Each structure stands twice: as structure tokens, then as C-alpha cells.
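Given as C-alpha cells, the chain that follows is alone and in the form predicted alone.
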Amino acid sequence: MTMQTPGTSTSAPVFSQRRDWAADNVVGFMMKQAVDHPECISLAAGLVDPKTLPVEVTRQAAERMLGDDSMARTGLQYGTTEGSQRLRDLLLEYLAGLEETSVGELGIDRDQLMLSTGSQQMLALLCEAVLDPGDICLIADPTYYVMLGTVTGLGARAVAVDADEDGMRIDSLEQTLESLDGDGLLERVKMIYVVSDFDNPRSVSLAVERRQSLVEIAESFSDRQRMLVVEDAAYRELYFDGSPRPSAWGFDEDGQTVALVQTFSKCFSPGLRVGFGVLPPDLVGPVRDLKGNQDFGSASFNQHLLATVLEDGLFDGHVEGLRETYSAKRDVLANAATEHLGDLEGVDWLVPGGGLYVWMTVPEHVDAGFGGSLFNRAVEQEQVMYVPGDLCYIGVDGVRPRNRLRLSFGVEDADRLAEGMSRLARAIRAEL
């Protein structure tokens, strides 16, 4: 008989299908790149500028919160799975302000509003509540690459819908649905995902008239089962000109078609990890049950701290300062691109009206993907990093454009942004 030492195994570990579906996570790889190359100027990180973090505002709110024994004890205790009633009531007022209406006209109460640990948890919960293996989520191509991992991690399939500078193309959405219907797959289409304002990676927004059309199309194709529109509005507050647009959710008159997902990570503090979802009534229970199995409810202290910020009128001034900061940094990056790359044929970029990103296209023969010559030259020789745009594509038949770059002006200061673009331009010119 062969004796086996306790705690050891001669067989390979057995993992779930969901572990296999979630393999090769892009976020982990990108974080490793940053750790392995700390000397690089990062035009890759989608982080907020550390100088804009609301230290003084948070200190004021924390002092008031901790100075009130009752409020402090509430924040330090377990909360409920759906989140603080206090904060959810305040968020109804906040949402009404963004929609330029009254709380009464929103047509919802706090029971349809659920708090989450950032918006990513809410996106994951919605996918888990709606998608089974083999189901389909329609997504504008390119898109937020973490969402692609969330969908495929459940064994579902992301199907690309064409997009332009006004976001998801409605004609392409209709054609895609008709094609899937012709293939007998329409009943597998359970979700349409869209980033409505200043999307990641391109910082383009879905045109207002398309928002209404999106809701109408989802309703018209939902005769067999609901086709849920998940509207990700993570960057909604980061507009540089004008005012916030009405959400697609605002066009959902019966409140059954759209789930609106927002977060305070980009517009206040990512460290607090406070996000929320406004859900169709019949989704509230399933999402709450799933969340309850995960964490019993997001951090109560953080929720009450943010509620204090909102109650004390400390939020608006902070987010106005953010807009000024990021608008100026966008200009620095865009002007540096013009200075160093403006004379090159085939090199183009979108100058955004909000958000944190500039989307750049280089000639097709330049491989900007991981392992490609441009990425290696940029990182190893010029010490500047970007996110390869092919990560953000679903692609057609496994083919994804490899001549796109996502550049972030979020984390670096103005001088390093200008220097980073100069370095990137040298790498691009060397490739050409």
C-alpha cells in the first residue's frame, strides 16, 4: 500500500466550470504589468487622480458622523442587504437632480434602489440573476472589457453590436436581433449592455435619441421574455461642458425594461466602493438574495459616510472641481498628441467631452496589442504604458482590431501626461 502524507494530493485539483470560464482575467494581467514596470508613465490606469481624492471633505463628514454616537454605532454595525435607508432616500434626491425632475416624478421609491460594493458588483449581480450558460448579452463593440469577463465568466456569450461616435448604433442592434432571430437564438438574448455616458474605452456617449430607441427596441423584442437593458452610468457626472443627459432608464415608462447602474467611485472616492442600482421591481428580490449570499450587504460605515457628505452639501463642490481638473488634463493629453503626432497619416484620436479616456487609432499594420511590437517598444524602451484596444473588442470570428489604444488621463499629473504622450509618439513613429 502506498502511504500518502496528510494534506498532500497526487491528483490534479478539480475546478468548477465557472472558474474555467473566468480564466485569463485581463484586469489581473494589467495590474501585473503595472507592478512589473513601476518606472513607466501610466496612460493605462483607469484610476482617479490621487490629488483629487476628497480628503478634507471626508474628514469633515467623518468627524460629524463619529461625533454623533447614534450615527457612529449605526455605521459600525451590520446593515441590511439592500443598504442604508438613509442613503437610499438621499440617492432618490440625487438621481432626481441628474434627471432634472422631482423625486415624485421619478416613479420609484427606495425599495427599487439597491446599494452595492461599487458598480461592478451590481453589474455582476445582474448578470448572475439574468444569464444562464449559453445565453446572450448584446454589447456595443468596443466596450468595458471587465464586463466581457463578467458575461463569459457565467458561461454566457457576448455578441457585438456596431458603435460609432454616438454610441451603440440602433440600426446594427436591430440587424443583430433579426439575425439572431433568424438563427433561432432570439430566446437566448436576455440582456443588452450599454455604457451611456463617456464610455470606457472611448469616452463616447449614447446619443439621447438613441437612448429612447434602445428602450423601445428592447420592449418590442421582449414578447417571448424580457430583454433587460443594463445601463452602466459610471462616468455620468464627469461631463466637461453642458449638463447631464437624461438616462436611457428615464425613457422606460413602465419601469420593467432598464436597470440603471451608477457609482461614486469615479465622481467621489473609489476607496469607499459605493455603487447602486435602480432595478425593475421583479429583479429586486433575486438580486438581493444573490447579494445576501455574498456579503449580507455592502459596508455600512461607507454608506453612512457618503450619506453625511450628501446631507451636508459637501458633494457638489467636489465634483465640480473634478470636472475642471479632468477637463484640463484632457486638454494636456490631446494637445500633446497634436504636437507630436498631428502630422502622421493614419494616426487619429477622439477628444472626449467627458470621462477619463482618449481613444487612439494607428495604421492597421501596427500591432498595438499585448506582445505586439508597439506595446513592447512603448513599455520596454520608452517606459510608457497604455491599454491595448483589442482587449475591449468582442470581435468577429475571433478577430479583433489590434491597432487601437486606450489612453487614460486619470491618474498622472499634467507634466507626466505631456511626457507620456511624447514617449508614446516616439514609439509610434519608430513603428511607422
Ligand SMILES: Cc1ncc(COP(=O)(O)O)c(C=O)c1O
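Note that residue numbering begins at 1 and tracks the sequence as displayed. In this text, all values refer to a predicted model and were calculated from it rather than measured experimentally.
Below, we turn to the form predicted in complex with this ligand, even though it does not appear here.
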query: Taking this ligand in the predicted complex as the reference, which of 257, 303, 213, 120 has a non-hydrogen atom within 4.5 Å?
result: 120
- line: Heavy atom within 4.5 Å of this ligand in the predicted complex, from candidates 265, 150, 112, 247, belongs to 265
field: Within 4.5 Å of this ligand in the predicted complex, all of 334, 377 and 424 (non-hydrogen atom)
entry: no
- request: Please run the contact check for residue 157 against this ligand in the predicted complex: heavy atoms, 4.5 angstroms, yes or no?
  value: no
message: Would you classify residue 232 as touching this ligand in the predicted complex, given a 4.5 Å non-hydrogen atom cut-off?
response: yes
message: Since only the chain is shown here, I'm wondering whether residue 273 would be in contact with this ligand in the predicted complex (any heavy atom pair within 4.5 Å).
response: yes
task: Examine residue 144 and determine whether its closest non-hydrogen atom to this ligand in the predicted complex is within 4.5 angstroms.
output: yes
- request: Pick the stretch from 168 to 176, 188 to 196, 74 to 82, 309 to 317 whose residues have a heavy atom within 4.5 Å of this ligand in the predicted complex.
  value: 188 to 196
task: Could you run down 80 to 108 and flag each residue that has a heavy atom within 4.5 Å of this ligand in the predicted complex?
output: none
